[in-house]
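In structure tokens, the next block holds one chain alone, the form predicted on its own.
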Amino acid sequence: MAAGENGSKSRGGGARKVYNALRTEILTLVLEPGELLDEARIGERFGLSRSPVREALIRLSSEGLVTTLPNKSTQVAPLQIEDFPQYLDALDLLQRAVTRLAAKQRRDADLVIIKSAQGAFEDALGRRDALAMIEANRDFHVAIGEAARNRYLADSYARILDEGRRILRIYFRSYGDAVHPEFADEHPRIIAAIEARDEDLAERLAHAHARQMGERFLQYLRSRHTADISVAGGVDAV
């Protein structure tokens, strides 16, 4: 192998390492929306030159996870809460389509993968591990997308699920990562509908699942967390 080829592979591996690490940190809010990303510091962190760092940032930009500012600096993509209704519409449509198709097209091997992801989800619930729950939830729905046997739908669904991980992280963090057991109740019903090849029921359950997630998040956005706090003598002093 030529020296140039070896160096190219090394840079490619470094770029993947940076990409995977930053992507996880962005999606789990370790890196906050709007946070500036310094190429030099990232390079120092991973012991890499700027070239693989830039390659990783370009890939993250193509997925909408980072943005380039007019001064050429890079930041974690802000969360556009005003776009959340559009996000919910897209999630709902894709979730209904892939879940219905999964009920029609699924194979026995698909059910094994779906149920395994659900097992990981329930384990995370039992440990009250919000990050693991969010990851397992994503894997559960991605497995359903794969069972639909439509690559274009599955890829689009996986991407929108990834975008939703930041929304779920905000929601659970706002409650101190207290994960409620009812989040697990909807998945087994979806599995049963897919296993029974009941396309209509699978679509209805997928629609309800997306709608409930949206309603929970919107309820959080409407909530007030300071109404009962006394400030400088409390509201009675006014």
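As the structure is a computational prediction, the values presented were derived from the model and not from experiment. Residues carry their position along the shown sequence, with the first being 1.
The same protein has a further form, the form predicted in complex with a further copy of the same chain, not shown here; the description that follows concerns it.
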query	finding
Single option in R59, R211, R204, R173 placed near a further copy of the same chain in the model of the complex, where near means a heavy atom within 4.5 Å	R59
a further copy of the same chain in the model of the complex reached by all of E55, R149 and L153, non-hydrogen atom within 4.5 Å	yes
4.5 angstroms heavy atom contact with a further copy of the same chain in the model of the complex for A136	no
R159: touches a further copy of the same chain in the model of the complex, heavy atom cutoff 4.5 angstroms	yes
Any non-hydrogen atom of E63 within 4.5 angstroms of a further copy of the same chain in the model of the complex	yes
Exercise: A97 in contact with a further copy of the same chain in the model of the complex, heavy atom 4.5 Å	yes
Members of 63-90 lying within 4.5 angstroms of a further copy of the same chain, judged by heavy atom, in the model of the complex	E63, T68, N71, Q80, D83, Q86, Y87, D89, A90
